[in-house]
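Next comes just one chain, in structure tokens: the form predicted alone.
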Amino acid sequence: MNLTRIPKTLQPFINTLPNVIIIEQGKIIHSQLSESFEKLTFHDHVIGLPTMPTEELEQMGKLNQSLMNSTLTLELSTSARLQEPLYVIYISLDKDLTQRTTLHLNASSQLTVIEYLYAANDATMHLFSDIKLSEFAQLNHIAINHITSSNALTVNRLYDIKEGAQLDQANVLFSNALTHQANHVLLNGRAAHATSKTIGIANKTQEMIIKTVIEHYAEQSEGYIEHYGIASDQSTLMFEGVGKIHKNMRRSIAKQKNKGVVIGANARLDANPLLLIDEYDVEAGHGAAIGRIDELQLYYLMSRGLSLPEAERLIINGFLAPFSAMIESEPLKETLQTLLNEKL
């Protein structure tokens, strides 16, 4: 692969990826896929734009459509079960990138997609994704945001999950930008299952708003929201989770977990879990644990010879461990660890 057009900070891991699509400034500059991906088709244009389920999302979708300068469509054939992960790298250097991506997994198919969003200089990045899982499809979707500029980053994803389909979704936010991310999951089939995990790391004077909504439109559907956050310096980090079970969606499960650490007297971290339940025969609950690093833990580690910053970093590294475990690429794991250390 010719890496001359790839930012140096990305080169250590990009060259090691076996299956990758790279989009720079709205154009696919590289695609490399193994023979096992022959049942995955992709195009540099969007095939159809769905109607959004709410007025807010509909307005966002229309705005994105009017401004978008980059598009990508991915579709996996029926019963195609790919064990190797697909990496999709979005790069924005000097120009703003407004990306519209559609992903469709046909019935009984399986795919792991790892997205890496990178923007530098004064570039802003806006990503709107429409993702559909047909009956009994399985998607592992991991998104890593690495935005070095302090400009805006907005991410909006809409998931349509059909009967028996399963979504495992994870977000790692290392962005320095003013960040707004919204994931909206629609469980539209019996026994549809979705788990959405997000770790947000805010520092300096950064503001980061993370919203996750899972709506149950079918019986026996399951939705799990997990938010993990670290706020330091004078930053503000806000989590909003909404689990909504509509009437007659019996034996559904909606659960939330929020965990956060505040470092410094002027940082702020808010968690706002919300459950909207219109049916009795369901299981629902939420919990939140927000506070400073335990003094006893710090004392123990420092008594073993670690400095205060080293002890804090070791404890906080535990937040990233579950996300790193989802990634096979060791160079990419090392990059994530470096980004975490830089943010702290």
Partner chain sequence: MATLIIKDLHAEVEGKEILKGVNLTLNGGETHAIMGPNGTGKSTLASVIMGHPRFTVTKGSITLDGENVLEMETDERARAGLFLAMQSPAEVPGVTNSDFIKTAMNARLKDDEKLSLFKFIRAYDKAVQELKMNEDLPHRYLNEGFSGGEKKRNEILQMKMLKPKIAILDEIDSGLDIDALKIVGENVTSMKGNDLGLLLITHYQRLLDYIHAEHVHVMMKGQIVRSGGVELMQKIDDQGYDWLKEELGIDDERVLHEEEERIILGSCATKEALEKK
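Numbering follows the first chain given and starts at 1. This structure is a prediction, so every number in the text was calculated from the model and none was measured. Only the largest set of C-alpha atoms that superpose within 1.5 Å between the two forms is called the rigid core.
What comes next is about the form predicted in complex with the partner chain, which is not displayed.
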Looking at 284, 302, 33, 28 here, can you tell me which has any non-hydrogen atom within 4.5 angstroms of the partner chain in the model of the complex?
302
I'd like to check something about residue 38: if you look in the model of the complex, is any of its heavy atoms closer than or equal to 4.5 Å to a heavy atom of the partner chain?
no
Determine whether any heavy atom of residue 297 comes within 4.5 Å of a heavy atom of the partner chain in the model of the complex, and answer yes or no.
yes
is_contact(residue 310, the partner chain) in the model of the complex, heavy atom dist at most 4.5 Å
yes
Report yes if any heavy atom of residue 275 sits within 4.5 Å of a heavy atom of the partner chain in the model of the complex; otherwise report no.
no
Establish, in the model of the complex, whether 10, 12 and 113 all lie within 4.5 Å of the partner chain, using non-hydrogen atoms for the distance.
no
Would residue 29 count as moving between the shown form and the other one, using a Cα shift of 2 angstroms or more after superposing the core as the test?
no
